[in-house]
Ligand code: PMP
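This document opens with one chain alone, in structure tokens, the form predicted alone.
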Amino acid sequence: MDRGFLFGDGVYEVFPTYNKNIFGLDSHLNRLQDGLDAINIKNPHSKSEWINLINKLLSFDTVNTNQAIYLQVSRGCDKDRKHTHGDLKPTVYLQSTSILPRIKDNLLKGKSAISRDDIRWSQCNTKATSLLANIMYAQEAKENNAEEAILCRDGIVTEGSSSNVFIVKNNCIFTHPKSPNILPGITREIVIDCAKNLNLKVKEVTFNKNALMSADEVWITSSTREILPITLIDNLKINTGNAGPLWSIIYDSYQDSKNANRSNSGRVFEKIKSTAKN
């Protein structure tokens, strides 16, 4: 009778972890809170409690040090299946999956994608568990031996089925601005920060499919994919058909951010524990 199962009535979050350290912790927890607020579910745990749960789950796997933690909060179980609900106790589900390493040399030839019309609902900025349209797009990409389906709404490129989309043109990086039409990806934000720290031009503006297909570079980003170059869309090459120079620079900067997170995470966790005690 869980409403997550019956209606997809819940939200989720994915936390990438490297060497048992959670990457982008605050941003992910803040987005989880935003999602819960958007559909009026009370957060069942404090920040320190979430961290303890995630670290406990991480401790179960003694082989894979890089893991993706999937965390789902549904509205909970009711006595009967009905569209309305009362005050229910949220259900929490967590699982861990190993993250495959994204080796730079293996990505230089890039990945392929297909493009499709975006038929999803108009609140894509809520990380809800009701992902039927996204699943259909992802499966279609898989059946076409593609990495991702890039979506277009009214001629404007929005995002991928489970990723954000970036293009590069004339050494300027473009990505769709935050809006109800896209999920505000945490990796998207880190990539933007990396670019700005490197004094690269970044514009959060809309662009159309023609701009996508004529771009110098195309990337997709997500917590588990990190930053993947897309060099073939609908069987047409993007520029030279190889990963571009700005992708290479951003890839290196992103890896540096992960390494910095490893050195800082211990101090951050101790601070959180101390705050929780007080």
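What you see is a predicted model, and the numbers here were worked out from it, not measured in a lab. Numbers follow the displayed sequence, beginning with 1.
Just so you know, the form predicted in complex with the ligand exists too; it's not on screen, but the next bit is about it.
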In the predicted complex, does each of H28, E159 and G185 have a heavy atom within 4.5 Å of the ligand? yes
Discussion item. Can you work out whether T175 and the ligand are in contact in the predicted complex, taking contact to mean some heavy atom pair no more than 4.5 Å apart?
Written reply: no
- Query: Is there a non-hydrogen atom of T231 within 4.5 angstroms of a non-hydrogen atom of the ligand in the predicted complex?
  - Reply: no
- request: May I ask you to state whether Y12 is within 4.5 Å of the ligand in the predicted complex, using heavy atom distances?
  value: yes
- Item | Contact test in the predicted complex: T129 vs the ligand, heavy atoms, 4.5 Å | no
Of 200-208, 69-77, 85-93, 120-128, the segment with heavy atoms within 4.5 Å of the ligand in the predicted complex is residues 120-128
Assert contact residue (the ligand, in the predicted complex, non-hydrogen atom within 4.5 Å, options N134, T97, N144, S179) equals N134
Checked 47-75 against the ligand in the predicted complex; residues with a heavy atom within 4.5 Å, sequence order, are none
